[in-house]
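Just the one chain here, the form predicted on its own, laid out as structure tokens.
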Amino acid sequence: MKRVVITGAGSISPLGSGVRSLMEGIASGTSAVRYMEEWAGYCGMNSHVAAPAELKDEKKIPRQSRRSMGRMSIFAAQAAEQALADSGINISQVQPDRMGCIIGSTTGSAISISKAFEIMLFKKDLSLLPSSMFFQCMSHSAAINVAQYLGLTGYVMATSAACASSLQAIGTGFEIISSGKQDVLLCGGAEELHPSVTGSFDVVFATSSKYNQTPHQTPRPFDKDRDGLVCGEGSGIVVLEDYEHAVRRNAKIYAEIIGYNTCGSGAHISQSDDKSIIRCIKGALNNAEITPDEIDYINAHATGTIQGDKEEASAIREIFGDTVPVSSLKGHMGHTLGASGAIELIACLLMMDKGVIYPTLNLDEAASDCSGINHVAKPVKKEIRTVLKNCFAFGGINAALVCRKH
């Protein structure tokens, strides 16, 4: 089996464009959550907070490529360009059928889907649908648009597993490269904000609604006063590479992926389940051939929902006890859904590099049902050799990835 390393990273997040902006926001304890005045006209919505990302410089993408991109795919294309530049890879110097991309999302462009239905339902004239709109709405929109824009001709795939999408994309890329079928893959996810996105969580009572007037105080992962998640948007893309390929070109290596696992709970369509989370994490550790005491830091999924945080804390407590530092980054930028696993993994890579663990923003007092684990309350200086990244999604889909500093 081939060894797989991460050699590049790119990010568009609610904290700004680029990995530097992402890390500066996290290090300074910044919250990108705000009250969405433009959503005030929607009836039946309880949550009016979100963490939007800034869409800028999109016209640097030629119109011929951009016309088939929704907001989500533009984020993915920009993050992919950043990741490629960071890696130093010249696409033309990689065997064409040996380089591709795997980029996931919850759905296609939510904005474009909404516009398409508005045309069909209210104007009742399908001839008004732009010819490029279908390509914006497809569930694999981000993957195909990035591949077309960059001219990638190897594997092109899209994972669609809601909040686990981008971590599944990275895990799938790890498995494909380790099997020797590709040399380089751009992997990650993308998501965009729209009232329908927050509304879909709102109707199942998963959103935060108590802090509409004090948006920076939510979400509150693991906290006793948590009341739900806050939706965000953006994209995270990492460059995965065959280790020998990376060494031959003298690449900078952030970390090596040493273990991955994904599984379903079979228990509930919307509620997390600690038993299946335990199975998922143990599977990732077994795949990495390491024991729990070899993990130096756990980057939790922890979105601030009552059930989700409770079940994840229970699983971590069962496997690791209270010895391994745990934190969530959702307090800074909300839940970027299909992009969250990749964006947060990128932050983990930079924490490994700096030797610092950043705390969970808005965690003032851990809830009793989230106790018994090692919550990080302030920045901790520590050598971080091995990291566990968790993602858990609606549908009972779990994913866990283990990375080791190179």
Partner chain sequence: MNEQEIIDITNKVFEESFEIEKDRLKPEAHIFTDLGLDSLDIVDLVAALQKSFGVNIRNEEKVRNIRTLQDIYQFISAIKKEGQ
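The shown structure was predicted, so the numbers you read here are calculated from the model rather than taken from an experiment. Positions refer to the first chain, counted from 1.
The form predicted in complex with its partner chain exists for this protein as well; it is not shown, and the discussion that follows is about that form.
Participant: Identify which of Thr291, Gln93, Asn250, Ser131 has a heavy atom within 4.5 Å of its partner chain in the predicted bound form; exactly one of them does.
Facilitator: The residue in contact is Ser131.
Participant: Hey, with its partner chain in the predicted bound form, do Lys181, Tyr243 and His245 all fall inside the 4.5 Å heavy atom range?
Facilitator: So, no: the whole triplet misses its partner chain.
Participant: In the predicted bound form, does Ser368 have a heavy atom within 4.5 Å of its partner chain?
Facilitator: Judged by the heavy-atom cut-off of 4.5 Å, Ser368 is well away from its partner chain in the predicted bound form.
Participant: I'd like to check something about Gln213: if you look in the predicted bound form, is any of its heavy atoms closer than or equal to 4.5 Å to a heavy atom of its partner chain?
Facilitator: Because no heavy atom of Gln213 falls inside 4.5 Å of its partner chain in the predicted bound form, the answer is no.
Participant: Evaluate Arg66 for contact with its partner chain in the predicted bound form, applying a 4.5 angstroms cut-off between non-hydrogen atoms, and reply yes or no.
Facilitator: Result yes; Arg66 sits at the interface with its partner chain in the predicted bound form.
Participant: Flag Lys381 as yes or no: does it have a non-hydrogen atom within 4.5 angstroms of any non-hydrogen atom of its partner chain in the predicted bound form?
Facilitator: Lys381: no, not in contact with its partner chain in the predicted bound form.
Participant: Work out which of the listed stretches, 183-191, 269-277, 165-173, 131-139, brings a heavy atom within 4.5 angstroms of its partner chain in the predicted bound form.
Facilitator: Of the options, only 131-139 has residues within 4.5 Å of the partner.
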